[in-house]
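One chain comes next, on its own, written as C-alpha cells: the form predicted on its own.
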Amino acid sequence: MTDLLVKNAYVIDPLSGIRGEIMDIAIRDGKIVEDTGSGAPVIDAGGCLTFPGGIDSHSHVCGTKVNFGRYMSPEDMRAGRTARKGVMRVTSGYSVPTTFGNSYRYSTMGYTTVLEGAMAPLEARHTHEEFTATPHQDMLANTLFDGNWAIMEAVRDKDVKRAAAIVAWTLDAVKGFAIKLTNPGGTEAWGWGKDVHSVRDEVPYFGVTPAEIIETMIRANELLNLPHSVHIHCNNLGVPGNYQTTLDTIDLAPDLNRNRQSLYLTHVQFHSYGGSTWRDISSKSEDIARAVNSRPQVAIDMGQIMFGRTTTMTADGPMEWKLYMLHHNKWSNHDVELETGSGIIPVYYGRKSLVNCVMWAIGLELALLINDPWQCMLATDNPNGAPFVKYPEIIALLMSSRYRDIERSAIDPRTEHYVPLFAIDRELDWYDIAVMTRAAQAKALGIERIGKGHLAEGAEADIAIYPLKPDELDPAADYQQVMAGFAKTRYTIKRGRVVARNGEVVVEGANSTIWSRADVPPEYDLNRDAEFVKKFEQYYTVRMRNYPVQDIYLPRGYFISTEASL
C-alpha cells in the first residue's frame, strides 16, 4: 500500500460542498480515504489553498492538426525551450509546445485532466499516440461528427436511433469520449467551396440544416446515455453579428438530463459579436449571458483571448480561410474524408487593435455576467485564444476589477464604447475559481462519477496545493500574487503521487486515456449492418476492419460504459 497524508490544507471542493476549511487529506493507493497508517509520509500544506486537480474541458494539445501547427511555425517551436532536467525531457514551443512541454506546464499549474477538443476519427491513432506522450494528465477526446456523411444521411431520414448507432460504433472504434460538432454542416460545405451562415441554411448535397444536425445529435447522445453532452462549436465563428446564430443554437437545446447540461457551447467569446463588419464590431455578451442564465440545460466555456502571438487551429475550415483573408499570414486547410476538416493560421492579438480589444473584453464579460459559475468554465480554446499558461492571468482579471482597470489604460481607448466590461464591478472569489476550473468541468464532462474534480472519499487523489493563503490576502488588491500563485503549485499530486513541486516535475508520469462505450442492442451493431459496411468500403480509402484503434494505442485505457436506451 502507498499512503500519503496532506495536513493543514485550506480546502475548497465545490462538488463536496467544502467552501474553505482547514483539513487533512488521507491518500491510499491513489484514492482519497478516511485515514492512513501511522507511518504515512506527510505533506504540510501550511494553510495553503488546496483544490482538486485542475480539469481543462476544451484544449487542443494532441492530434494531426496540432502537429501540423508545430510544422507551420518553426519560430514558435524555438520559443519556450527548456533543457533536460531530472526526469524532465527537453521541450520546445510556446503556443503549440511538444507533448511533454504541454504536460509539464499543465502539471506545474496543478492540472491533472485534459480534454482534447477535436479528434478526427480517421486520424485517431495519431491522437492516441500523442496522448501516451502527455504523461501526467489523464486524456479524453471529443470526436468530430460535424460533417460525417452517415450521420447526415440519418439526420435527413429523421432516424435518431441510427444516428445513435453510428455514434456508438465510432466512439468504440476510435476510443473517443464525446460527440463534437464543429460548425455543423459547414466544414462539409467547405469541401465544395461553400459554407453555412445560419442554423437554417441547407448543407449542400445532403438536404439537412445545422439545426437538424444539432437536434438529432442531442437526442442521439441522450439515447446512448453518454457521460458528456453534445459539445458544439457554433456556426459562424468569428463573424461580426454572429451572436444571433449563437442565440439560435442555444434555443435548440432541450432540457433532457437531470445530472448535466444537454448542450455544451465552447469558446463562446468567438460567437458573441455584434455589428455587421469589423469596423463596427461590438460585444453582445449581455445577450448571450441572459440566454445562458435562463437555461440550466446549457453550459459554456469562455474562449478568452489574451494579447500576444499564438496559433489558431480548428476543424472549422471556412473560418480559418476568413482569418487568412484578414491577416494574409501563412495558412493551411485540410479535409478528412467523409468526416470533417481543419485549418491552421498563426495570429497576433494586439492591444492596439480595436477588434482584438473587444474580443478580449467579451470573454471576461461572459464569466462575470453569467450568474452561475457552474455554467461558465475557464478556457482559452488553447491555443486559439491564448496558450493555457495564461490561465493564472485570466483568474487574476476575474478576481480583481482593479487589475481590469489597469489593463483598460493599456488597450485601445475606443474599446469602452463597444463593450460593457468596465461597468461590471463583480469580482469572483476563490470558490468561483474552483468551480470554473475543476468542479464545473467534472460535472459537465460527467467524470465526477469516476472520481474526478472532487476530494470526497473514494475520489482519485488528484490535488493541487497553491502557495496562496486565502485568509491572508485580498485577491482584488493582491492580483500579482494571485497570478504568481496559480502559475506554480507548491505540490501537484496525481493519483496519489507528487508529480510536480515548486514548478518542477519530479517523477515520470503514467496517465490514462478515458473513453466512452455505449452498449447497443444487436440490431444496432453496425458491424452487422450491410448498408453501413457497403458504404464504408465504397467511400473510405481504408478498409473497415483497419479503421478501429487497437488496444495497444491505449496502454492505460479506461472506458466509461453506458447502456443505450434503444
Partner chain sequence: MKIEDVVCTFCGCLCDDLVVEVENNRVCSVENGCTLANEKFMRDHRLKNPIRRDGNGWKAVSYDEAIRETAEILLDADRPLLYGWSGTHGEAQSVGVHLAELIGGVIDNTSTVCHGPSIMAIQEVGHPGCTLGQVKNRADVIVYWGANPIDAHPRHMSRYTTYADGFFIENAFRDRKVIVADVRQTESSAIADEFLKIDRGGDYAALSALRAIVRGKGDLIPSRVAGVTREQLFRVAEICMKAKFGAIFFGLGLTMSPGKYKNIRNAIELTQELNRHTKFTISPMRGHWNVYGSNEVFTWITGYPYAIDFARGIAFYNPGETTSVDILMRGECDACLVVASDPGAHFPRACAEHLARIPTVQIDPHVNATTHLATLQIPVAVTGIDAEGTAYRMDGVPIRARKLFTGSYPNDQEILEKIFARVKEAKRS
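Numbering follows the first chain given and starts at 1. Everything numeric here is computed off the predicted structure, so don't read it as measured data.
What comes next is about the form predicted together with the partner chain, which is not displayed.
Participant: Based on heavy atom distances of at most 4.5 Å to the partner chain in the predicted complex, which listed stretch, 99-107, 225-233, 170-178, 240-248, is the contact stretch?
Facilitator: Of the stretches listed, the one contacting the partner is 99-107.
Participant: Taking the partner chain in the predicted complex, would 77, 92 and 335 all count as contacting it (heavy atom within 4.5 Å)?
Facilitator: All of them do, each having a heavy atom within 4.5 Å of the partner.
Participant: Looking at the partner-bound form in the predicted complex, is residue 82 within 4.5 Å of the partner chain by any heavy atom?
Facilitator: Taking the distances in the predicted complex, the answer for residue 82 is yes, it comes within 4.5 Å of the partner chain.
Participant: Taking heavy atoms only, is residue 133 within 4.5 angstroms of the partner chain in the predicted complex?
Facilitator: Residue 133: yes, in contact with the partner chain in the predicted complex.
Participant: Is residue 28 one of the residues lying within 4.5 Å of the partner chain in the predicted complex, judged by heavy atom distances?
Facilitator: No.
Participant: At the 4.5 Å heavy atom threshold, is residue 72 in contact with the partner chain in the predicted complex?
Facilitator: Yes.
Participant: Looking at 122, 389, 483, 298, which has any heavy atom no more than 4.5 Å from the partner chain in the predicted complex?
Facilitator: Among 122, 389, 483, 298, a heavy atom within 4.5 Å of the partner chain in the predicted complex occurs only for 122.
Participant: Using a 4.5 Å cut on heavy atoms, which of 352, 330, 417, 158 is close to the partner chain in the predicted complex?
Facilitator: Flagged contact: 330.
Participant: Output the sequence-ordered list of residues from 297-327 with at least one heavy atom within 4.5 Å of the partner chain in the predicted complex.
Facilitator: Read in sequence order, the residues that approach the partner chain (within 4.5 Å, in the predicted complex) are 321, 324, 325.
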